[in-house]
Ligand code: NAD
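This document starts with one chain, in the form predicted alone, laid out as structure tokens.
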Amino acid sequence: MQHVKQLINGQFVDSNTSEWIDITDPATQEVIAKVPQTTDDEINQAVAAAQKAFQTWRKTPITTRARIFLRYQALIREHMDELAEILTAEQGKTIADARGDVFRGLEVVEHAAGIANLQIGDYVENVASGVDTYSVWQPLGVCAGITPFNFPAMIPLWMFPMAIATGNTFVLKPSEQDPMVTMRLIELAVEAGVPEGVLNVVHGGKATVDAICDHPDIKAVSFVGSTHVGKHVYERASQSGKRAQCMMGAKNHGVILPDANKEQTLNQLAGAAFGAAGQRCMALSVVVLVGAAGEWVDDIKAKAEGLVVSAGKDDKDLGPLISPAAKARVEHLIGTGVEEGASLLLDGRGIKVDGYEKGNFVGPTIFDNVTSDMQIYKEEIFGPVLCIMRAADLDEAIELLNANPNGNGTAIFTQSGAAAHKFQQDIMVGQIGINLPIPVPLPMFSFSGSRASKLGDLGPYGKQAVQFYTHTKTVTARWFDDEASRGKVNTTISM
């Protein structure tokens, strides 16, 4: 049985813990590895290694740091198929989706390789007589990341490349449910040249999360995951004096106007609602049909019925949910939708996949006539469940979306530029797609979820990540020559 190792001070080491967590194949329930609950002493060792390495890493030339990530992106490309297979085995998503998971993280690594252009400060000459002022963006110190199960490649790559490229050192805690692809990415980072102590990895559940939040030598914590845990991390880390960013739950809406390109819209809607078995914080889990688009319900159902559910390695349309507990929760929420009066058009409960009878499968599920007071609307289901709602016009749809507390993402499907412009102006959501269902930006921008979907001012990757992982130091300087040195005492604030 494979035991997942830790990375402490450049060494992949076994834990001394007595507590091990099973990693299971979601399609079969077979235990494929065990991951440790890292001990307090081992966490302290990891942070101490990062603290020591920071003293030299922060002064390493920025071009040297950039070249490591040039090598790293090449290694990820070289091992893409291997990484996707590991990811699918432990997480359950299809091979195609697993490759996409790795590739979207790879884009951030490529962006980190351009850090010399991203970390440029400001300079103004002669702000006063003989006085120059300039600012520099300097690293914070030891930073940490806590990542979720649903994107075990992409989200770690959102975090440590940007943190390390800006001159920080890092302690990563992957999800205890699927850490193996993350560890393979860590091995490749070490192979690319990340020095000892600059990157460290610890494992476990709540005890490790709390230790990271509490440790006095960790200066910043980045988190992606559920709202419940995200609030806990933000409050605990902030109370310990840390900078924190937490990307949390969502309820993303797609607004369909009658003039939308029907076939393209239906295809995108089905992929965004049911892809990855709905286990995306950016899943399009609510569709608002405006006016005559309300007649598309049967077409939406037909698209969903055409999707094939199987083990991820079979590379069909949907894989299993991550765990039996996740499956039970999704099926429970489907039951509450029925009880509260929504029309169940397609029921994915009780689905059986030949050869994988123990898998955590839930098929595409569709509710019509959903109202905003129903539990299936108020909660993030995190499964392949689509809620259909209606609106008489675009104004009513915008009012409905803005009343929802979450703000991760939304999309509008239309061929009207005027309608799209009104939507993007009036909607109070951080990421907006126009004829694009999952508007996660490329790394030259920043992930900009908002409202109840986010705690902290700055988002992951892009420009905001450079700000998050650095602090601004402003220097005001005057150099006297012999003639200028003969002056009198100045007791005012003037230069």
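These numbers were taken from a predicted model, which means no experiment stands behind them. The numbering used is simple: start at 1 and walk along the sequence shown.
One more form of this protein, predicted together with this ligand, exists but is not displayed; see below.
- Query: Among 367-375, 267-275, 175-183, 89-97, which stretch has residues with heavy atoms no more than 4.5 Å from this ligand in the predicted complex?
  - Reply: Residues of 175-183 come within 4.5 Å of the partner.
Worksheet item: Is K352 close enough to this ligand in the predicted complex to count, meaning some heavy atom within 4.5 Å?
Response: No, K352 stays farther than 4.5 Å from this ligand in the predicted complex.
query = Does at least one non-hydrogen atom of F382 fall within 4.5 angstroms of this ligand in the predicted complex?
reply = Judged by the heavy-atom cut-off of 4.5 Å, F382 is in contact with this ligand in the predicted complex.
**Proximity of G205 to this ligand in the predicted complex, heavy atoms at 4.5 Å** = G205: contacts this ligand in the predicted complex.
Query raised in the report: Going by a heavy atom distance of 4.5 Å, is S343 a contact of this ligand in the predicted complex?
Result: No, S343 sits far enough from this ligand in the predicted complex that none of its heavy atoms falls within 4.5 Å.
| message | Just to confirm, with a 4.5 Å cut-off on non-hydrogen atoms, which of S226, T336, Q138, N402 contacts this ligand in the predicted complex? | response | The option sitting close enough to the partner is S226.
Exercise. Though this ligand is not shown, can you say which of A84, I212, M248, V330 has a heavy atom within 4.5 Å of it in the predicted complex?
Worked result: Flagged contact: M248.
Check your understanding: Which residues from 432-465 come close to this ligand in the predicted complex, meaning a heavy atom within 4.5 Å?
Key -> Going through 432-465 in order - heavy atoms within 4.5 Å of this ligand in the predicted complex - the hits are F447, S453.
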